[in-house]
Each structure stands twice: as structure tokens, then as C-alpha cells.
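Only one chain is given next, in C-alpha cells, and it is the form predicted alone.
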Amino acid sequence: MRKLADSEPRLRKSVCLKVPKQYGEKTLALANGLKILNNRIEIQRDQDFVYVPLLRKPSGDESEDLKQQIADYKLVAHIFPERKKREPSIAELLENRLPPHLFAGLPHSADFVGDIAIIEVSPELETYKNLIGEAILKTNKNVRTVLAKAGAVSGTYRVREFSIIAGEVRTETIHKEYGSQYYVDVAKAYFSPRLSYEHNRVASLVKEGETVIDLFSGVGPFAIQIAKNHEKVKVYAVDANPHAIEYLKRNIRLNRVGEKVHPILGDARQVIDEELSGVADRVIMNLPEKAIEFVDTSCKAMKPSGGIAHFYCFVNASDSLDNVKGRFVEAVEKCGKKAEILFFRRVRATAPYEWQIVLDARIH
């Protein structure tokens, strides 16, 4: 529950200059120049007048200055809301602690997973990363831990290394999006908050009664969102990372979708061959580095009548979106099937001149 002070501004009575609206900007400038403007409370306006709050009544000389330039002002008492205190920026907090030539390299954005902020620190700022982390904690009240990326996403389990640069020493948190909650350890299982729109978009496309296979499920953001959105679905969530599957099981319990989501630990290709061949109405393929290698697995997972594939991959500026479509269609045709492209978009930038894209296709 939010405190009253957070939702309603405090009011205070203050002496002010009451002037017709057309003199508002001029009066503000004059009061500021005379050092009598009260910046701690908000200027007020009504249909005809502007009320400029003052720190004190103008002195004799100050009153003369005002009369010469704004003859139509009145000195009155008025009720003003206090101006909300502006939090200092990261740059302002580091103003005297960082060499001036390094300010341009400060991170301008972060990924927020639950109460963890994840940033990228450039090599020239490595010495100052703890200072930057502390500044992020001070400017983001809901953040408890700040992590700096210490490597690229890599390995079979698609995880990266982090260094803890401020706050609590941990990499586990609870992340919330679109009404679902996820336990996640960002150092043990892949998770990207920048895919939240995709999790919800795909979930909204699923029809009641469908069987869905999430080939590379991670901690379950696609699978659980689908289950939360629909009464009658069956989702098989497959991942080779045992840590991801353990978190997925916790998230199934947390979101109370145990009757709809079925976690499976194992290699996607082997799981489809041995357990889930020909059962899916829809297959999610969020392994952008290698998804093209699993198009045959996706086709095999679908019912003989076909189904929908959500295919994710990376593309850079030297490639074209038409080439991506062409490679996907060709891979489907090698399986003896046909692909009808339904939807295509850039999901997010992943590096300079590189994007993650999604392609939705109906497989016939």
C-alpha cells in the first residue's frame, strides 16, 4: 500500500504575486532575478491569474522594480502544493567522483529483472563500476542489487557471467509481468525482461484447447503466461538446463498452473523424437542463436494437420529480412511441408546493427 504522502502532495500557505495570465512568464523571471522566487512549491494558475510563490515579501526597492514592470500585480496569500523533490540523476551523483571525460560513457539504460538492475559497463569505466552501481541504487528505490555484465550469453544453457557491483549479494529475484510472477536466477538460467511483450503477444494468440510445445522454455515465461490466459490448454515446457527446469517447477506452483504446464528436462530434439511427436498445435522456438537447426524438430512436433511456429533468430545489417524468411521456408520444405508467413517483426536490438526478430508461420 502506498503512503498518503506518496499519492497526495502536501499543501502550504505562502505569500505570492497574483498577476494576470499574460504577465505570468515575465513575473516568474523577475521574481527569480530578485532571488525571492520559492522553487520548492508549484506555481498555480486559474482561468484569469497566475500565482507566483515567494520566499518572502518584496522589500521596498524590490516592490518598486516590480511596479515599474508589472503594474497590475497584487501581493496575496495562497495555498500551494509542495513541489515533489526531484531525485538526482546518476551523472549528478557522480559529478565530483568521476573524471569529466568519462561521463559520456555512463550507461543510459538497464535491464530490470525484479529488484535487480543489470547494466553494461564499458572498459574505461571498469575502475568506477562500484560507484556507478551505488548511484543506480540511490536513483532507483525498488532496486536491491546491481549487476554488471561480465561476458556474453554463451554455452548450452545460454547464461552469462555477472559481477555484483552494488547492493545485496545475490542473483536470484522474483520478476513480475502481465500478472504472472517468476522466480529466476539470472546467473543460472536465461531470462530477458525485454521479451515481456512477446510472452504476452504469443499467449494472446493461443486458442482454447490447443496443445503448445515450448522447445526452449527457460524458467517458463511463455508457458506460464499461456496457461494463465487460457482455461483449456496443455503446454509442454522443454529445456536442457536443469536449473531452468527447477525454477520452472517453482513458477508453476507460484502461478498455480500445475494442471496445464508440464515441465520436461532434456534435449529438445530427443524429447520430441521420444515423447512428443505429432502432438502440437503450436511450437515456440525461442533459441535465436540456433533455432534454424530445430525447424525439422518443430515440424515433427506438430500434428499431421499442421500448426503454428513462432520462430526467433538474430539478424544483422548485412543480412535482410527476406533472407531470413527464405531460410526458414527452405528449412520447412526440406521436411516435406510448406510454410505460410503470417507475421514478422523486430523484437529488440541486441548489439549495434543486430536485432532479434520473430517470425510467425503456419506450417501446412
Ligand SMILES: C[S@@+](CC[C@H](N)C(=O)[O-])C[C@H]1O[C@@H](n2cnc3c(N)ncnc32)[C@H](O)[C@@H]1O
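One-based numbering along the sequence shown. Just so it is clear, the structure is predicted and the values come from calculations on it, not from any experiment.
Unshown form predicted together with this ligand; subsequent notes refer to it.
> With a 4.5 Å heavy atom cut-off, would you call His199 a contact of this ligand in the predicted bound form?
Yes, contact at 4.5 Å.
> Does this ligand come within 4.5 Å of any heavy atom of Pro288 in the predicted bound form?
Yes, Pro288 sits close enough to this ligand in the predicted bound form that at least one of its heavy atoms falls within 4.5 Å.
> Is there any non-hydrogen atom of Lys249 lying within 4.5 Å of this ligand in the predicted bound form?
Heavy-atom contact with this ligand at 4.5 Å: absent for Lys249.
> Taking the shortest heavy atom distance, is Ala135 within 4.5 Å of this ligand in the predicted bound form?
Ala135 lies outside the contact set for this ligand.
> Based on heavy atom distances of at most 4.5 Å to this ligand in the predicted bound form, which listed stretch, 215-223, 89-97, 272-280, 103-111, is the contact stretch?
It is 215-223 that comes within 4.5 Å of the partner.
> From the list Leu195, Val143, Ile118, Val121, which entry has a heavy atom within 4.5 Å of this ligand in the predicted bound form?
Checking each option against this ligand in the predicted bound form, the one that comes within 4.5 Å is Leu195.
> Between the options Ala166, Ala148, Ala240, Ala203, which residue brings a heavy atom to within 4.5 Å of this ligand in the predicted bound form?
Among Ala166, Ala148, Ala240, Ala203, a heavy atom within 4.5 Å of this ligand in the predicted bound form occurs only for Ala240.
> For the heavy atom contacts within 4.5 Å of this ligand in the predicted bound form, list the residues of 134-171 involved, in sequence order.
Thr156, Tyr157, Arg158, in sequence order.
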